[in-house]
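As a starting point, one isolated chain is supplied in structure tokens, in the form predicted on its own.
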Amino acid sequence: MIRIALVVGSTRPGRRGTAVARWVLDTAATHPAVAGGRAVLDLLDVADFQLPLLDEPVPAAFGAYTRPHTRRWAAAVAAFDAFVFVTPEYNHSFPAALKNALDYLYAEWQDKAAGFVGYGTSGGTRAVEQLRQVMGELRIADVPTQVALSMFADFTFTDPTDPTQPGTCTPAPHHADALSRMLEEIIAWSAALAPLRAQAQPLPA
């Protein structure tokens, strides 16, 4: 079974990432691989780990984690074979909280596949563009298909003038098709990378 983490990258109060993640989980549940037990998608919310700005004295590449919050985050990430990153776009990039969470670890990310669900006024496309550069350095194989949700077309708000309202994620049907293709790619690439993960050195306790 391929274990896929749905990583919610925004920690902002009132974030819309929770609504997006709910849509991803509900839609992915009907995917044949998930429904048939070949893959499972579980939530991995950066906000739940309350990571401070990177405070490890040794670079992550050495794997010498000293902080309890780092070890907890490392254990959570290590348990998965692949990732779907849910990210908004902030000022042409992805959230600082997500970058911080990525920078905390190194070996735990490697030889795994990843896809992206972006959202924002431009569909989060520029945030995903920058995330792809980070994936390369972390040795994560990012798949080409992505989901780009528009704040104008793919969300429903009871009061569109209220910027604090999370709203409901109501994507057009073609986004579900893109998510399905992305999951197929993630599952295939993750399976192909399994021998590399098996050869990896055991992670530090």
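Bear in mind the structure is a predicted one, so any value in this text is a computation, not a measurement. So that there is no doubt, residue numbering starts at 1 and follows the sequence shown.
Quick note: we don't show the form predicted together with a small molecule, though the next part is all about it.
A.B. asks: Should residue 181 be classed as touching the small molecule in the model of the complex when contacts are defined as heavy atoms within 4.5 Å?
C.D. replies: So residue 181 does not count as contacting the small molecule.
A.B. asks: Using the partner position in the model of the complex, report whether residue 88 sits within 4.5 Å of the small molecule, counting heavy atoms only.
C.D. replies: Answer yes; at least one heavy atom of residue 88 falls within 4.5 Å of the small molecule in the model of the complex.
A.B. asks: Test of understanding: in the model of the complex, would residue 10 fall inside 4.5 Å of the small molecule by heavy atoms?
C.D. replies: Heavy-atom contact with the small molecule at 4.5 Å: present for residue 10.
A.B. asks: Any of the heavy atoms of residue 126 lying within 4.5 Å of the small molecule in the model of the complex?
C.D. replies: Taking the distances in the model of the complex, the answer for residue 126 is yes, it comes within 4.5 Å of the small molecule.
A.B. asks: Quick one: which of 104 to 112, 73 to 81, 118 to 126, 131 to 139 gets within 4.5 Å of the small molecule in the model of the complex, going by heavy atoms?
C.D. replies: Of the stretches listed, the one contacting the partner is 118 to 126.
A.B. asks: Any chance all of 4, 38 and 197 sit within 4.5 Å of the small molecule in the model of the complex, going by non-hydrogen atoms?
C.D. replies: Heavy-atom distance to the small molecule in the model of the complex: none of the three under 4.5 Å.
A.B. asks: Would you kindly say which of 34, 151, 51, 148 lies with a heavy atom within 4.5 Å of the small molecule in the model of the complex?
C.D. replies: Among 34, 151, 51, 148, a heavy atom within 4.5 Å of the small molecule in the model of the complex occurs only for 151.
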